[in-house]
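Same chain, two versions here, written out as structure tokens and called structure 1 and structure 2.
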Structure 1
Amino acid sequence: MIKKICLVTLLGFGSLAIANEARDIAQGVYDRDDGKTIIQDMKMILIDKNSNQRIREIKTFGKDFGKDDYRIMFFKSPADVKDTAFLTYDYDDASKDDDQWLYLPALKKVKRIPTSDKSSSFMGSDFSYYDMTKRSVDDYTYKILKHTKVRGHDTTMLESLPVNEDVIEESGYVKTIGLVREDIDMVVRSIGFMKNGDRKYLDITKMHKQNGVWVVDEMVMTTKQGKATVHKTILQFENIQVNKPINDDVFSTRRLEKGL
């Protein structure tokens, strides 16, 4: 009996320790220094199952205002979306709705927009709005599945399960498996298991270190039904500048309307 109690206690504490270690890894990913400001040119390549390509080119600026994150994006091509611009104030306080404005050249006005359903596609890509924001660590429980290598680097395979149905509803994912590079606390690959049975494969294919901060040069998100690829999005980043001072006025509706 004592032996059994010891075993259960040992297993209990062991599981708890492993769970804590898993959560610490997730916290490490969340806390990773990703710079105070970033300026970059983004090329979004959308590829359908017949290999047809569509390309969007966007200039983005981002800045941390304390715990809040301000971003502005200017669309440079294709012609029918050129001069469209999007400004968002992403507040750390979850009880506060994000402020978002859109400038549509066709409407000729700056328009405040409500928060989209987070599982909506980001500009027709395989990334959802949820994929483009930082996940709250407390929204998931974590488990280490194993340790493995990705492109020669040691990684920890982490399973994340939503804590409740609300998180599933918001994200569109019932489970995520992420591969976290152990030396830099960065997710380099992940598989998102969607409510509808599809899977989304995220692969960070190129990155580099700038001013002490690791930044992504290229990543790809592939949506699959079983083994078949449904759609793929490649994001390529160029002219990346991290921690370069950006005037606060850049993150304003005045700038949104005036454009680049």
Structure 2
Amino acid sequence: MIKKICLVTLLGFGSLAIANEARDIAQGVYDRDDGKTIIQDMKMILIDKNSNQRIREIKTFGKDFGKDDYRIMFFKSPADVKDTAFLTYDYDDASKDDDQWLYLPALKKVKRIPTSDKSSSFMGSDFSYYDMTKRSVDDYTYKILKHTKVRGHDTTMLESLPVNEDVIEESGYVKTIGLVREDIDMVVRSIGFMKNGDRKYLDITKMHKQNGVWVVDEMVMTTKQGKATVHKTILQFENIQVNKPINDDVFSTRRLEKGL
């Protein structure tokens, strides 16, 4: 009996150590150096199930404010979305909801994105408003599923489960499986299991290192129902500048209305 109790205890500590290791990997992803600032041109390519494409040109700026992360996007073309702008305040404090605003030029109005809408599509893409922010580590529990390779690099397959229904309602995800590149703490592929039964497949297809920081050149998000592709979004980044000074006043709702 004593041996059995000891074995159970050891197994318990072993499970705890594995759980801690999984959380440490998630924390490493969250803490990864992605630059103090970033400026880039983004091309958003929207592809429907019939392979029809729509292309949107966007200028984006990002800056760290202490532990918080602010980002702003200005749509440059086509005409039907030109001058639309989007601002995110991504707070490090997990108890504080991130703030997001969208400026719609047709209405000449800045709209605040409520928490209840954050799982909805961002500008017709396969990314949601929630996807435009960093996930709080404390909002999920983690489990290492296995180690494998992606494009020749060692990765850890990490399962993330929301800690409660509030996180599911805000994110739209009931589970996520991510592949984290072990040498750079970066998620390079993931599958998001949606509460409506759809799955979203993310693939970082191109990246490079600039000024010591790994940045993404291209990523693809594909939404599927079963094996059928519903929609796909390709994001391509050019003219990337890392750690170049940006004035703080760029990241304001007033600037949303003013534009580039």
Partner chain sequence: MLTRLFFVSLLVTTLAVADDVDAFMDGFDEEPLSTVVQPQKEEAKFSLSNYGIEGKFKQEFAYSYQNNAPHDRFSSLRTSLFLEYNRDLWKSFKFKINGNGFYDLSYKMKGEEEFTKEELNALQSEVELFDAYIQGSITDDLDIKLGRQVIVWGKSDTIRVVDVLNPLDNRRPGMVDIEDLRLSSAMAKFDYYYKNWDIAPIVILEQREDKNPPYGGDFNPSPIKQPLQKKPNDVTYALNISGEFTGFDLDFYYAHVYPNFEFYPRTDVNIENKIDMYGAAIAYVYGSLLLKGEAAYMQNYEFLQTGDEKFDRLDMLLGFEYNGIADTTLSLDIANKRFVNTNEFKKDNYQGAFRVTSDFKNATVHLNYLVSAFGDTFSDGGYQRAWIVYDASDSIKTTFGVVDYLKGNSFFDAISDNDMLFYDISYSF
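Residue positions are counted from 1 along structure 1's sequence. Keep in mind that what you see is a predicted model, and the values were worked out from it rather than measured. Under this definition, the rigid core comprises the largest set of C-alpha atoms superposing within 1.5 Å between the forms.
Asks: May I ask which of the two structures is the form predicted together with its partner chain?
Replies: Number 1 is right.
Asks: Rounded to the nearest whole degree, how much does the smaller rigid part turn between the two structures?
Replies: It comes to 15 degrees of rotation for the smaller part.
Asks: Superpose the two forms on the rigid core, then give the C-alpha shift of residue 251 between the two structures in Å.
Replies: Once the two forms are fitted on their core, the shift reads 2.9 Å.
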